[in-house]
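Listed next as structure tokens is one chain, alone, in the form predicted on its own.
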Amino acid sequence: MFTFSESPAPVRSDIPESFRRLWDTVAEPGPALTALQRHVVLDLARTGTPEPSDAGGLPRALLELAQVLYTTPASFDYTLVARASRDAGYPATVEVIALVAILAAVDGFHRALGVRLEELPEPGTGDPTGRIAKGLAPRRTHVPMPRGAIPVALDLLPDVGATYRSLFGPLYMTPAEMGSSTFSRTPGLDRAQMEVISSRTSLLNECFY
């Protein structure tokens, strides 16, 4: 799993290691969704609308949100989030956003290297954990979140937020590294080069943040 044996360029060992941990995590039940429902969301994002019998009991608005976020992120807007939140609740909506953001990062890395996408993990069993933060509300944001910037956008579900942030170090920078204007990877890019790429990506995706 995540061997990158077909990659035309070397891949740092921390990247496949982080992807393997992610796959183990997304195969488990989440705060609001079962493992099977998580699998449905991830499969839908990649392949298109599932048959109604395969939708895992998820509202259509939630599935639409997942597909749009993965395939055409520039068209992702408050209307989609509001409709999904109305039909499925904020926790399920935030969980779907997180799952698709994680999948898009992993799949995007594979596509950039021109290698085959990794098969989705087989879903586990069990009920949702119910670990949901209390007392949060939208603050001119699409979903409830603590006070802070982008890294805490998914912290209505603390475990999910932590899983999402686990990608920062391997694919971007850790919070500590973000505090250094002279950070550089060896081998790799320096801080300025990273910021140019991330800014360009945000521009192309019409990131509303």
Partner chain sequence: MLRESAIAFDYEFDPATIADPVAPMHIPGGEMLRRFVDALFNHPGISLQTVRDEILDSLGPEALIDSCSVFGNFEMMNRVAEGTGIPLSPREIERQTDLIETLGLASP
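Residue numbers count along the first chain shown, from 1. Only a predicted model underlies this, so the values are computations on that prediction, with no experimental measurement involved.
The next section is about a form of this same protein that is not shown, the form predicted in complex with its partner chain.
**Q** State yes or no: in the model of the complex, is some non-hydrogen atom of residue 39 no more than 4.5 angstroms from a non-hydrogen atom of its partner chain?
**A** Residue 39: no contact with its partner chain in the model of the complex.
**Q** Please determine whether residue 191 contacts its partner chain in the model of the complex, using a 4.5 Å cut-off between heavy atoms.
**A** Yes - in the model of the complex, heavy atoms of residue 191 and its partner chain come within 4.5 Å of each other.
**Q** Could you confirm whether residue 108 comes within 4.5 Å of its partner chain in the model of the complex, counting heavy atoms only?
**A** Yes.
**Q** So, in the model of the complex, is residue 143 in contact with its partner chain at a 4.5 angstroms heavy atom limit?
**A** Because a heavy atom of residue 143 falls inside 4.5 Å of its partner chain in the model of the complex, the answer is yes.
**Q** Among 148, 48, 175, 57, which has any heavy atom within 4.5 Å of its partner chain in the model of the complex?
**A** Selected residue: 148.
**Q** Which of 61, 35, 69, 44 has a heavy atom within 4.5 Å of its partner chain in the model of the complex?
**A** After the contact test, the surviving option is 69.
**Q** For the heavy atom contacts within 4.5 Å of its partner chain in the model of the complex, list the residues of 146 to 180 involved, in sequence order.
**A** Result: 148, 149, 150, 153, 154, 164, 167, 168, 170, 171, 172.
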